[in-house]
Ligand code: BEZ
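We begin with a single chain expressed as C-alpha cells, specifically the form predicted on its own.
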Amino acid sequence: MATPGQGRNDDRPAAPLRDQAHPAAGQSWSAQGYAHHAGFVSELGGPLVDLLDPRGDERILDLGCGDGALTARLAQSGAEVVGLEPDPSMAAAARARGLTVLERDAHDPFGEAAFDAVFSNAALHWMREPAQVLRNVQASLRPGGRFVAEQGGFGNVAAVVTALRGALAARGHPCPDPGPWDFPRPEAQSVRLEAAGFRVAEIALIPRPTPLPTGIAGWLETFAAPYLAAVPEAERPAIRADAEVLLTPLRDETGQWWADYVRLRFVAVKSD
C-alpha cells in the first residue's frame, strides 16, 4: 500500500518537462493566496472524491492538483496517487504535503497506460486546448480506466464575467475574446470525450451558488488575472473595484458574497 510520497518507479510517465511552466489561461498562482481566498474549491470537492471511489490497489493521477488538498484525501484510500501541476508555487505546496507531483503542463503527454484513473477538480476549464488534454488523459489510462472530473460548465460565473467585461469597457480596455475559460455544455463535452476515445458514463450541469469567504474582492484578486493581463498593473485595482460594484446583486442580505457557479461533472471510461 503506497503512501502519498512513495510512488513506484516502474511505468512512471516519462514525457519531457517543459523548460518553464506555462501558466494555464495566463494565470499564475500563489499557493498561500489561493488557500486564503479559494480554499473552498477543494473543500467542495468531496462529492467528486466519492464519485471516484478510489481503491487501495489503484494508481491515480490528480490532473491539476493545485496545492494537493484533495490529492491528499485521495491518498487516504491507500491508492498510489500522483499529482500533475504546472505552477511551481502550487506544486511546491503539494510536495510539502508529502505528495508526488509531476510539474508539467497537461497539454504535453504525461504517460502511456500508466494510471487506473484520472481525477480532476476545477482545473480543466483553465486549459486552452481541451481536445489535446483529453487525448493525453485517454492515453495515460490503462484499458477500462476512468476519468472523473468536475469543471466550470456553461453559465459558470456568467455575472462575474459580464461585470469584468463592463468594467474593462468603461475604462477603454479591450476584453479577451474569446474569454480565457472553457465552460462547455454537457453535449459539447460529451462530443469531445467521445472523440478522444472515451465512453461517457454520466455527465451533468450542477448549479451551485457558492459562498466566498473573502468576498468578491478576494475572488477577483485570485481568479481574474486573465481578464486583466493587458491592463497596466496600476489600473487593475480600479477595474476590480468597478466590477465589485457591478456585482452587488451577488451579495445577500447578511453581507455574504456568492459566486454564480455552475459545475460540469462527468465520469468517462476509456473505450476498448
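In this text the structure is predicted, and so the values were computed from the model without any measurement. Numbers follow the displayed sequence, beginning with 1.
One more form of this protein exists, namely the form predicted together with the named molecule; it is left out here, but the text below deals with it.
S.K.: I'd like to check something about N156: if you look in the predicted bound form, is any of its heavy atoms closer than or equal to 4.5 Å to a heavy atom of the named molecule?
M.R.: Taking the distances in the predicted bound form, the answer for N156 is yes, it comes within 4.5 Å of the named molecule.
S.K.: Is there a non-hydrogen atom of W126 within 4.5 angstroms of a non-hydrogen atom of the named molecule in the predicted bound form?
M.R.: Because a heavy atom of W126 falls inside 4.5 Å of the named molecule in the predicted bound form, the answer is yes.
S.K.: Please tell me whether any heavy atom belonging to P176 falls inside 4.5 Å of a heavy atom of the named molecule, as the geometry stands in the predicted bound form.
M.R.: Although the named molecule is absent here, P176 would stay clear of it in the predicted bound form, with no heavy atoms inside 4.5 Å.
S.K.: If we define contact as a non-hydrogen atom of the residue within 4.5 angstroms of the partner, is G197 a contact of the named molecule in the predicted bound form?
M.R.: Residue-level check for G197: no, no contact with the named molecule.
S.K.: So if I measure heavy atom distances to the named molecule in the predicted bound form, which of the stretches 140-148, 100-108, 79-87, 181-189 falls within 4.5 Å?
M.R.: Heavy-atom contact with the partner occurs in 181-189.
S.K.: Pick from A122, V133, A117, L168: which residue has any heavy atom within 4.5 angstroms of the named molecule in the predicted bound form?
M.R.: The residue from A122, V133, A117, L168 that makes the contact is A122.
S.K.: For the stretch 214-246, which residues lie within 4.5 Å of the named molecule in the predicted bound form by non-hydrogen atom distance?
M.R.: The stretch touches the partner through W219, F223.
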